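In the block that follows, a single chain appears as C-alpha coordinates, in the form predicted on its own.
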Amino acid sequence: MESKDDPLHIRLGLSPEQLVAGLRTMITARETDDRLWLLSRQGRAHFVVTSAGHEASQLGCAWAIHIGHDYVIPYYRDMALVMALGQSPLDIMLHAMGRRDDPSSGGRQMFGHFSSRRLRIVSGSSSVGSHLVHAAGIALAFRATGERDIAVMGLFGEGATAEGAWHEGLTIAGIHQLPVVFVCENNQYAISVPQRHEVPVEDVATKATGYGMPGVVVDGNDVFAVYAAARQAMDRARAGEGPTLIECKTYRLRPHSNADDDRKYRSAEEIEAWRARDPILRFERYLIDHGLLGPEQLEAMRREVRAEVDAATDAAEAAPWPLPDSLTDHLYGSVSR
(Lines give C-alpha, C1' and ligand atoms only; values in the text may rest on other atoms or scores of the structure.)
Protein backbone atom coordinates (compact mmCIF):
# COMPACT_ATOMS: atom_id res chain seq x y z
CA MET A 1 0.00 0.00 0.00
CA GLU A 2 1.37 3.41 -1.00
CA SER A 3 2.15 5.98 1.69
CA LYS A 4 2.41 9.75 1.52
CA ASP A 5 5.99 9.23 2.73
CA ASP A 6 6.88 7.16 -0.35
CA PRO A 7 9.05 8.78 -3.03
CA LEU A 8 7.08 10.74 -5.60
CA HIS A 9 7.58 8.26 -8.42
CA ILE A 10 6.13 5.44 -6.34
CA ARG A 11 3.08 7.54 -5.46
CA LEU A 12 2.60 8.19 -9.17
CA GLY A 13 2.97 4.51 -10.06
CA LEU A 14 6.18 4.97 -12.05
CA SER A 15 8.76 2.18 -11.92
CA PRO A 16 12.52 2.71 -11.66
CA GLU A 17 12.82 1.25 -15.16
CA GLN A 18 10.40 3.88 -16.51
CA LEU A 19 12.37 6.65 -14.86
CA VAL A 20 15.73 5.50 -16.22
CA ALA A 21 14.26 5.01 -19.69
CA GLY A 22 12.64 8.44 -19.46
CA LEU A 23 15.90 10.11 -18.53
CA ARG A 24 17.60 8.37 -21.43
CA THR A 25 14.94 9.74 -23.77
CA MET A 26 15.47 13.26 -22.44
CA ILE A 27 19.24 12.99 -22.85
CA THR A 28 18.81 11.53 -26.35
CA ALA A 29 16.51 14.37 -27.35
CA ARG A 30 18.99 16.97 -26.07
CA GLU A 31 21.95 15.26 -27.76
CA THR A 32 19.97 15.04 -31.01
CA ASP A 33 19.02 18.68 -30.62
CA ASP A 34 22.67 19.64 -30.10
CA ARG A 35 23.67 17.73 -33.23
CA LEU A 36 20.93 19.24 -35.37
CA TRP A 37 21.98 22.70 -34.25
CA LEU A 38 25.53 22.03 -35.45
CA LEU A 39 24.33 20.46 -38.71
CA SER A 40 22.19 23.50 -39.44
CA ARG A 41 25.17 25.78 -38.94
CA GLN A 42 27.14 23.62 -41.38
CA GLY A 43 24.40 23.72 -44.00
CA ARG A 44 23.71 20.00 -43.66
CA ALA A 45 20.23 20.47 -42.16
CA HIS A 46 18.17 23.25 -43.68
CA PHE A 47 15.90 24.26 -40.79
CA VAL A 48 15.86 23.31 -37.11
CA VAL A 49 13.41 24.11 -34.32
CA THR A 50 14.87 23.38 -30.90
CA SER A 51 13.22 21.40 -28.10
CA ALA A 52 15.98 22.12 -25.55
CA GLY A 53 14.41 23.06 -22.23
CA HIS A 54 11.02 21.50 -23.00
CA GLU A 55 12.02 17.88 -22.32
CA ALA A 56 10.25 17.47 -18.97
CA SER A 57 6.98 18.90 -20.30
CA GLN A 58 7.09 16.55 -23.26
CA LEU A 59 8.16 13.40 -21.42
CA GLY A 60 5.52 13.95 -18.72
CA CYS A 61 2.86 14.20 -21.42
CA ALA A 62 4.19 11.14 -23.25
CA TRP A 63 3.93 9.03 -20.10
CA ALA A 64 0.20 9.85 -19.96
CA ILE A 65 -0.47 8.75 -23.55
CA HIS A 66 -1.49 5.20 -24.46
CA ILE A 67 1.03 4.90 -27.29
CA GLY A 68 -0.44 3.65 -30.56
CA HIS A 69 -3.99 3.98 -29.19
CA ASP A 70 -4.50 7.64 -28.26
CA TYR A 71 -3.92 10.25 -30.95
CA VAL A 72 -1.30 12.99 -30.58
CA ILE A 73 -0.97 16.23 -32.55
CA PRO A 74 2.39 17.74 -31.62
CA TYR A 75 3.65 21.16 -32.57
CA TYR A 76 6.97 21.91 -34.23
CA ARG A 77 8.92 22.04 -30.94
CA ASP A 78 7.86 18.55 -29.79
CA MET A 79 10.89 16.49 -30.83
CA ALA A 80 11.40 15.09 -27.31
CA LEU A 81 7.71 14.12 -27.21
CA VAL A 82 7.78 12.14 -30.45
CA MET A 83 11.01 10.46 -29.37
CA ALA A 84 9.36 9.47 -26.09
CA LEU A 85 6.50 8.02 -28.14
CA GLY A 86 8.86 5.88 -30.21
CA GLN A 87 10.64 7.84 -32.93
CA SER A 88 14.40 7.30 -33.03
CA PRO A 89 17.37 9.63 -33.57
CA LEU A 90 17.65 8.16 -37.07
CA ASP A 91 14.00 9.00 -37.76
CA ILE A 92 14.66 12.58 -36.66
CA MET A 93 17.86 12.89 -38.71
CA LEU A 94 16.18 11.54 -41.85
CA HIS A 95 13.40 14.07 -41.31
CA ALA A 96 15.78 17.00 -40.75
CA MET A 97 17.89 16.12 -43.80
CA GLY A 98 14.91 15.57 -46.10
CA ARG A 99 15.77 11.99 -47.03
CA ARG A 100 13.54 9.50 -48.82
CA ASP A 101 13.04 7.30 -45.78
CA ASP A 102 11.97 10.12 -43.46
CA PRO A 103 9.05 8.45 -41.62
CA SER A 104 7.20 11.73 -41.12
CA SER A 105 6.90 12.92 -44.71
CA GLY A 106 9.29 11.07 -47.00
CA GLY A 107 11.56 14.09 -47.12
CA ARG A 108 8.80 16.48 -48.16
CA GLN A 109 8.02 18.57 -45.08
CA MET A 110 9.83 21.30 -43.19
CA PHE A 111 11.39 20.05 -39.96
CA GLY A 112 8.92 19.77 -37.09
CA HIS A 113 6.02 18.26 -39.02
CA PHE A 114 6.19 14.97 -37.13
CA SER A 115 3.96 12.10 -38.24
CA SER A 116 3.51 8.37 -37.70
CA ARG A 117 0.52 6.17 -38.49
CA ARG A 118 1.92 3.45 -36.24
CA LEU A 119 2.25 5.79 -33.25
CA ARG A 120 -0.88 7.78 -34.14
CA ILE A 121 1.12 10.99 -34.35
CA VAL A 122 -0.81 13.34 -36.63
CA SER A 123 1.19 15.94 -38.57
CA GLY A 124 0.28 19.47 -37.58
CA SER A 125 -0.45 22.30 -39.97
CA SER A 126 2.19 24.93 -40.68
CA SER A 127 -0.31 27.63 -39.69
CA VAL A 128 0.30 28.23 -35.98
CA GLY A 129 -2.56 27.08 -33.76
CA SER A 130 -4.68 25.53 -36.51
CA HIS A 131 -3.83 21.98 -35.48
CA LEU A 132 -6.02 22.43 -32.38
CA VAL A 133 -9.00 22.43 -34.75
CA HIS A 134 -7.69 19.10 -36.02
CA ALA A 135 -7.49 17.83 -32.43
CA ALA A 136 -11.12 18.77 -31.81
CA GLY A 137 -12.11 17.18 -35.12
CA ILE A 138 -10.43 13.89 -34.30
CA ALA A 139 -12.11 13.86 -30.88
CA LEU A 140 -15.47 14.62 -32.53
CA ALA A 141 -14.86 11.68 -34.87
CA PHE A 142 -14.57 9.40 -31.83
CA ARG A 143 -18.06 10.55 -30.85
CA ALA A 144 -19.39 9.94 -34.36
CA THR A 145 -17.96 6.41 -34.59
CA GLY A 146 -18.81 5.44 -31.02
CA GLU A 147 -15.20 4.88 -29.96
CA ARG A 148 -14.65 4.94 -26.20
CA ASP A 149 -11.69 4.85 -23.83
CA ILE A 150 -9.64 6.91 -26.27
CA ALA A 151 -8.40 10.51 -26.28
CA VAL A 152 -6.41 12.97 -28.35
CA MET A 153 -3.73 15.35 -27.07
CA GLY A 154 -2.87 18.56 -28.90
CA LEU A 155 0.19 20.61 -27.90
CA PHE A 156 1.17 24.19 -28.69
CA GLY A 157 3.08 27.25 -27.50
CA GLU A 158 1.47 30.21 -25.76
CA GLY A 159 1.76 32.30 -28.93
CA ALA A 160 -0.80 30.01 -30.59
CA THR A 161 -3.48 31.26 -28.18
CA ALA A 162 -3.57 34.56 -30.13
CA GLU A 163 -4.76 32.74 -33.26
CA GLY A 164 -8.43 32.46 -34.17
CA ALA A 165 -8.18 28.75 -34.95
CA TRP A 166 -7.06 28.10 -31.37
CA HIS A 167 -10.31 29.61 -30.08
CA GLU A 168 -12.35 27.63 -32.58
CA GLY A 169 -10.76 24.35 -31.53
CA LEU A 170 -11.32 24.94 -27.82
CA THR A 171 -14.84 26.23 -28.38
CA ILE A 172 -15.95 23.10 -30.24
CA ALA A 173 -14.24 20.86 -27.67
CA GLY A 174 -16.00 22.70 -24.84
CA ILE A 175 -19.45 22.74 -26.46
CA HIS A 176 -19.38 19.01 -27.18
CA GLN A 177 -17.27 18.06 -24.13
CA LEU A 178 -14.89 16.13 -26.35
CA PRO A 179 -12.16 13.70 -25.23
CA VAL A 180 -9.25 16.03 -25.95
CA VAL A 181 -6.43 17.44 -23.82
CA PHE A 182 -4.89 20.76 -24.85
CA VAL A 183 -1.34 21.29 -23.61
CA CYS A 184 0.29 24.73 -23.70
CA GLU A 185 4.08 24.59 -23.44
CA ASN A 186 4.53 28.18 -22.27
CA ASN A 187 8.18 29.09 -22.82
CA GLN A 188 7.63 32.84 -22.26
CA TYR A 189 8.18 33.93 -25.90
CA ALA A 190 6.17 33.76 -29.12
CA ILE A 191 9.34 33.85 -31.22
CA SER A 192 10.61 37.31 -30.15
CA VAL A 193 7.42 38.59 -28.51
CA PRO A 194 7.32 38.17 -24.70
CA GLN A 195 4.22 36.72 -23.09
CA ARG A 196 3.10 40.04 -21.61
CA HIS A 197 2.65 41.40 -25.16
CA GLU A 198 0.96 38.25 -26.46
CA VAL A 199 -1.31 36.96 -23.69
CA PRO A 200 -3.53 39.34 -21.65
CA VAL A 201 -3.48 37.13 -18.53
CA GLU A 202 -0.65 35.75 -16.43
CA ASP A 203 -1.73 32.14 -16.88
CA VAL A 204 -3.00 30.77 -20.18
CA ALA A 205 -4.86 28.11 -18.20
CA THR A 206 -7.24 30.74 -16.77
CA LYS A 207 -8.77 30.95 -20.25
CA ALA A 208 -10.14 27.42 -19.84
CA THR A 209 -13.19 28.59 -17.91
CA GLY A 210 -14.44 30.48 -20.96
CA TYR A 211 -14.45 27.24 -22.96
CA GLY A 212 -16.20 25.07 -20.38
CA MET A 213 -13.24 23.02 -19.25
CA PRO A 214 -10.84 22.88 -16.30
CA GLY A 215 -7.50 24.67 -16.56
CA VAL A 216 -4.35 23.49 -14.79
CA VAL A 217 -0.99 25.25 -14.35
CA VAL A 218 2.11 23.14 -13.68
CA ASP A 219 5.86 23.59 -13.47
CA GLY A 220 6.88 22.46 -16.94
CA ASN A 221 10.41 21.64 -15.79
CA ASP A 222 9.08 19.10 -13.27
CA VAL A 223 8.38 15.88 -15.15
CA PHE A 224 6.35 14.46 -12.26
CA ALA A 225 4.06 17.50 -12.00
CA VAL A 226 3.44 17.38 -15.75
CA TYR A 227 2.76 13.65 -15.72
CA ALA A 228 0.32 13.91 -12.81
CA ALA A 229 -1.68 16.64 -14.55
CA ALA A 230 -1.56 14.99 -17.98
CA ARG A 231 -2.54 11.56 -16.63
CA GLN A 232 -5.54 12.99 -14.81
CA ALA A 233 -6.63 14.95 -17.88
CA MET A 234 -6.24 12.00 -20.26
CA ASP A 235 -8.09 9.71 -17.84
CA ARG A 236 -10.92 12.27 -17.66
CA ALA A 237 -11.07 12.47 -21.44
CA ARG A 238 -11.10 8.71 -21.94
CA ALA A 239 -13.86 8.38 -19.33
CA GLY A 240 -16.08 10.79 -21.26
CA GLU A 241 -15.69 13.67 -18.80
CA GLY A 242 -14.59 16.23 -21.37
CA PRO A 243 -11.55 18.33 -22.28
CA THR A 244 -8.82 19.95 -20.17
CA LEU A 245 -6.38 22.79 -20.78
CA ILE A 246 -2.94 22.25 -19.19
CA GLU A 247 -0.30 24.96 -19.09
CA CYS A 248 3.32 23.87 -18.57
CA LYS A 249 5.53 26.80 -17.54
CA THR A 250 8.93 26.21 -19.13
CA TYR A 251 11.62 27.93 -21.20
CA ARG A 252 13.46 27.28 -24.45
CA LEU A 253 17.20 27.32 -23.92
CA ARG A 254 18.03 28.13 -27.54
CA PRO A 255 16.71 30.62 -30.10
CA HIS A 256 13.28 29.99 -31.57
CA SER A 257 14.92 28.33 -34.58
CA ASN A 258 18.21 28.39 -36.41
CA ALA A 259 16.86 31.43 -38.28
CA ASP A 260 16.41 33.43 -35.07
CA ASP A 261 18.83 35.65 -33.11
CA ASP A 262 17.48 35.67 -29.55
CA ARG A 263 20.14 38.15 -28.41
CA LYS A 264 17.89 40.87 -29.81
CA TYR A 265 15.08 40.30 -27.33
CA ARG A 266 16.35 38.49 -24.21
CA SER A 267 19.41 38.77 -22.03
CA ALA A 268 22.20 36.27 -21.44
CA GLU A 269 21.49 36.56 -17.71
CA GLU A 270 17.90 35.47 -18.21
CA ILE A 271 18.94 32.44 -20.22
CA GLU A 272 21.58 31.42 -17.68
CA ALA A 273 19.04 31.70 -14.85
CA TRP A 274 16.83 29.22 -16.67
CA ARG A 275 19.76 26.95 -17.51
CA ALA A 276 20.20 26.51 -13.77
CA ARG A 277 16.68 25.02 -13.82
CA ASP A 278 17.47 22.65 -16.69
CA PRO A 279 14.84 19.85 -16.52
CA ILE A 280 17.37 17.17 -17.43
CA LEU A 281 19.74 18.09 -14.60
CA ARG A 282 16.78 18.23 -12.24
CA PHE A 283 15.62 14.75 -13.22
CA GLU A 284 19.16 13.37 -13.00
CA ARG A 285 19.45 14.66 -9.42
CA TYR A 286 16.20 12.95 -8.49
CA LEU A 287 17.37 9.59 -9.80
CA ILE A 288 20.77 9.88 -8.12
CA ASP A 289 19.30 11.10 -4.81
CA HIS A 290 16.90 8.13 -4.73
CA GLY A 291 19.58 5.58 -5.57
CA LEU A 292 18.06 4.71 -8.95
CA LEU A 293 21.12 5.66 -10.97
CA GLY A 294 24.79 6.19 -10.11
CA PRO A 295 27.18 8.77 -11.61
CA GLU A 296 29.05 6.03 -13.46
CA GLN A 297 25.83 4.66 -14.95
CA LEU A 298 24.81 8.16 -15.98
CA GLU A 299 28.10 8.78 -17.76
CA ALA A 300 27.83 5.41 -19.50
CA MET A 301 24.32 6.33 -20.63
CA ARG A 302 25.58 9.61 -22.06
CA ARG A 303 28.33 7.81 -23.99
CA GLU A 304 25.84 5.32 -25.42
CA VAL A 305 23.51 8.13 -26.49
CA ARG A 306 26.31 10.07 -28.19
CA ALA A 307 27.31 6.94 -30.11
CA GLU A 308 23.69 6.37 -31.15
CA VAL A 309 23.35 9.95 -32.40
CA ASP A 310 26.69 9.69 -34.23
CA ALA A 311 25.50 6.54 -35.98
CA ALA A 312 22.14 8.11 -36.83
CA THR A 313 23.85 11.16 -38.31
CA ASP A 314 26.12 9.05 -40.51
CA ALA A 315 23.26 6.79 -41.63
CA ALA A 316 21.00 9.74 -42.50
CA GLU A 317 23.71 11.49 -44.51
CA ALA A 318 24.32 8.29 -46.45
CA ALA A 319 20.60 7.71 -47.06
CA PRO A 320 19.11 8.34 -50.52
CA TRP A 321 17.16 11.46 -51.45
CA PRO A 322 13.55 11.19 -52.67
CA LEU A 323 13.45 10.22 -56.35
CA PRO A 324 12.46 12.98 -58.78
CA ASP A 325 9.69 10.83 -60.27
CA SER A 326 8.04 10.62 -56.84
CA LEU A 327 7.45 14.38 -56.82
CA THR A 328 3.66 14.12 -57.18
CA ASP A 329 3.16 11.20 -54.80
CA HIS A 330 0.47 11.93 -52.20
CA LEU A 331 -0.67 15.02 -54.12
CA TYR A 332 -4.12 15.52 -55.68
CA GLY A 333 -5.18 11.95 -55.08
CA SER A 334 -2.06 10.31 -56.47
CA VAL A 335 -0.84 7.18 -54.70
CA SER A 336 2.72 6.41 -53.68
CA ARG A 337 4.32 3.50 -55.48
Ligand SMILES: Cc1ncc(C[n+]2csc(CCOP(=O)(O)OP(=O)(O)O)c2C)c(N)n1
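Since we're looking at a predicted model, the values are computed, not measured. Residue numbers here begin at 1 and follow the sequence given.
One more form of this protein exists, namely the form predicted together with the ligand; it is left out here, but the text below deals with it.
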| message | Can you tell me if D222 lies within 4.5 angstroms of the ligand in the predicted complex, counting non-hydrogen atoms only? | response | no
| field | Partner contact for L178 in the predicted complex: the ligand, 4.5 angstroms, heavy atom | value | no
| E198: heavy atom within 4.5 Å of the ligand in the predicted complex? | yes
| Any non-hydrogen atom of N187 within 4.5 angstroms of the ligand in the predicted complex | yes
| field | One stretch from 211-219, 156-164, 115-123, 88-96 that, in the predicted complex, holds residues within 4.5 Å of the ligand by heavy atom | value | 156-164
| said: Under a 4.5 angstroms heavy atom criterion, identify the one residue in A228, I191, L140, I150 near the ligand in the predicted complex. | reply: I191
| note | Contact with the ligand in the predicted complex, heavy atom within 4.5 Å, among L253, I172, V128, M83 goes to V128
| message | Using a 4.5 Å heavy atom cutoff, which residues in 55-88 contact the ligand in the predicted complex? It's fine if the answer is none. | response | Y75, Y76, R77
